[in-house]
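In structure tokens, one chain follows: the form predicted alone.
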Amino acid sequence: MGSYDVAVYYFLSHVLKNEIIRPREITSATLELGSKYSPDFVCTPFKYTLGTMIEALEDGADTLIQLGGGCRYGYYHELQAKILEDLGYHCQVINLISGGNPISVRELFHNSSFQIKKKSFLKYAFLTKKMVFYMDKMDSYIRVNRCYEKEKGSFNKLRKQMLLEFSKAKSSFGLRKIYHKYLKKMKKLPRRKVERRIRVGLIGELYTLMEPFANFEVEQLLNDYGFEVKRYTDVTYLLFQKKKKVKQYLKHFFIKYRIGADALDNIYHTKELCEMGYDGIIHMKSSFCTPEIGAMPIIEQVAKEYDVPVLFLSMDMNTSETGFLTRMEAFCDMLEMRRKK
């Protein structure tokens, strides 16, 4: 999912003696493979992850680790394990629904077939958390500033170099030093001037938002249009901030109950984006994502009260990239016309 495999590989390679197999980059073949053996009306992340699991097993893996929870996806690993068994794969499937608690993860690893480097576990759990924090912070900066780059790809190039150096870091100080080094470089990149500053907020189901292949690289597309992008959902938010913030949302917003997964968060973020004066909001989800389906009419009503346009997009294996680009182009043109007025 996104570039988080860098952090996961960093952690596992330092705490396990086992061989770690990195998953293949997600392609249309991954989705087709997962869809072939998935129930028709299951949400799309199920199909992506099942396809990735099969590819990993074909590459020689015998143990699969998955992190999921918050909605029915937290139960999917059992169904996926059964599907893999029916396909003739003999493997262990471990689901880490731990809320980011290193102690719980360590206990789970102890009860499995892993060979653990006990002295390294807590140290690299902490360093991985810091790495994810810096990755998310840098990505947030890039989403706002990449639209002004003079040389196309300059921000992405520096980000790639930063991730490579992150994977070799040995301390919290080293991670912080690398982050500030590349932040400084990005701030020095030449930028073009624009007449009108247009800002778009991205909300929706977490997998579709965070995996570029699943959303046709919508952030890059919006930046190429010259729009700043704001996205709340990342691993730092989901694992280390969400629980506390959701309680605040329930106290200060008109929704009294949680409605599953990230739906409550997205409704509150819609209100927040509108109050901050964002020009438009794009809501993205996988098809059959029940919590987001429930949130959509509320999001539409909130945005209507503030006169902020919202584009709703549902993504699955049958989503046409051409149709997606056509809708995005029309939405972006509309935002530009509104800004001119």
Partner chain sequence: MNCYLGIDIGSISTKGVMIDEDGNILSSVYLNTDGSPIEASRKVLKQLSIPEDCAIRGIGTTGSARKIIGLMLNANVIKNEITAHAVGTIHLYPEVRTIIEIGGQDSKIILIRNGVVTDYAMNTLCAAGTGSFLSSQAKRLGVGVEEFGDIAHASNTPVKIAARCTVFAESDLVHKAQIGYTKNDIIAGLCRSIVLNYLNNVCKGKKLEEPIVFQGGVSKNRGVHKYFEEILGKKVIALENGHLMGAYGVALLAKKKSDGRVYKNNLLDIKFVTNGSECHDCSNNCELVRIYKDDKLIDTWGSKCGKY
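Numbering follows the first chain given and starts at 1. Values in this document were obtained by computation on a predicted structure and should not be read as measured data.
Missing here is the form predicted together with its partner chain; even so, the following discussion is about that form.
- Every residue of the trio 29, 311 and 337 has some heavy atom no more than 4.5 Å from its partner chain in the predicted complex.
- None of 240, 213, 173, 126 but one reaches within 4.5 angstroms of its partner chain in the predicted complex through a heavy atom, and that residue is 213.
- Taking the partner from elsewhere, residue 300 is found to have a heavy atom lying within 4.5 Å of its partner chain in the predicted complex.
- Although the partner is absent here, residue 331 sits close enough that one of its heavy atoms falls within 4.5 Å of its partner chain in the predicted complex.
- Within this chain, residue 13 is remote from the site of its partner chain in the predicted complex, having no heavy atom within 4.5 Å.
- In the predicted complex, at least one heavy atom of residue 327 sits within 4.5 Å of a heavy atom of its partner chain.
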